[in-house]
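To begin, one chain is listed below as structure tokens, in the form predicted alone.
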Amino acid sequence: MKIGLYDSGIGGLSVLKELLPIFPNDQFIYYGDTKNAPYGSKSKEDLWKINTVILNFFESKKIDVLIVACNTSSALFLDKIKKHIDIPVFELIHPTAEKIKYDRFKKVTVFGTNRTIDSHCYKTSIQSLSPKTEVLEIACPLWVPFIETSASIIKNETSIDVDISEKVLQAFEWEADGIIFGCSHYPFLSHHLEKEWSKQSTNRPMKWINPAQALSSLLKKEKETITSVTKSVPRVDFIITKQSALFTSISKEITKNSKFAHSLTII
């Protein structure tokens, strides 16, 4: 089976990492739009043009399943994406809302890009399933540009301050019992976010919610219904639109201890 997955850059790699163990014998085609990152601050019109290019690319590759690993794209265009490409489409928002309902969270904070937060997609989805769950939405527009240009962040080598303290303090003062990584880039900041939270309190542990893990749980259940008869070999073809040493490094790290062959192409 051919599985297409896309994001504005390295963020979707946090999703791919969760999916490889679920589909150990399949082929992934990962499209990282490093040239146009970040998406969260672009106009809706420009973003749809970008998404259309990516969707047309995947149609030419004849994929069987599409994973929208970009929260901004899902928030703005999920219905249009499903109409554009006639295959099963999965994303990160609804599976996360299902988790919030199942785990009975009372108050959750969503960290996301401007576009994701302005769309209220997480709040709408969560409260459609759990009407009593309170949702605080916090835009973090500086985080994606920082992550895309900071190799040291992945190895947790440096202390950073891209308004992390301010955002974590907001969640702390609101007394959230869960924080959602509302952008697939944000798990790469998890070490720093957890460290900042511990500065606020050592006796109030936080539940950090990674939507990629919620999606992987869903796909474990859905696997039999979406599996294609198309034969494939375990491999990951990485496609990026601009050279990125950080992307190259992380993609190699993700696949190094697996049986997945991999390639990297710049288009």
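Note that residue numbering begins at 1 and tracks the sequence as displayed. Because the structure is a prediction, the values reported are computed rather than measured.
One more form of this protein, predicted in complex with ligand DGL, exists but is not displayed; see below.
J.: When the contact criterion is heavy atoms within 4.5 Å, does residue 96 count as touching ligand DGL in the predicted bound form?
T.: Close contact is absent here: in the predicted bound form, residue 96 is far from ligand DGL, nothing within 4.5 Å, heavy atoms only.
J.: With a cut-off of 4.5 Å between heavy atoms, is residue 38 one of the residues that contacts ligand DGL in the predicted bound form?
T.: Yes.
J.: Would residue 113 count as touching ligand DGL in the predicted bound form under a 4.5 Å heavy atom rule?
T.: Contact with ligand DGL, yes.
J.: Please check if residue 189 has a heavy atom lying within 4.5 Å of any heavy atom of ligand DGL in the predicted bound form.
T.: Heavy-atom contact with ligand DGL at 4.5 Å: absent for residue 189.
J.: Looking at 192-200, 68-76, 169-177, 131-139, which lies within 4.5 angstroms of ligand DGL in the predicted bound form, counting heavy atoms?
T.: Looking at the partner contacts, the answer comes out as 68-76.
J.: Please identify the residue among 126, 108, 144, 117 with any heavy atom within 4.5 Å of ligand DGL in the predicted bound form.
T.: Comparing distances to ligand DGL in the predicted bound form, the residue within 4.5 Å is 144.
J.: Relative to ligand DGL in the predicted bound form, which residues of 120-134 have a heavy atom no more than 4.5 Å away?
T.: Residues within 4.5 Å: none in this stretch.
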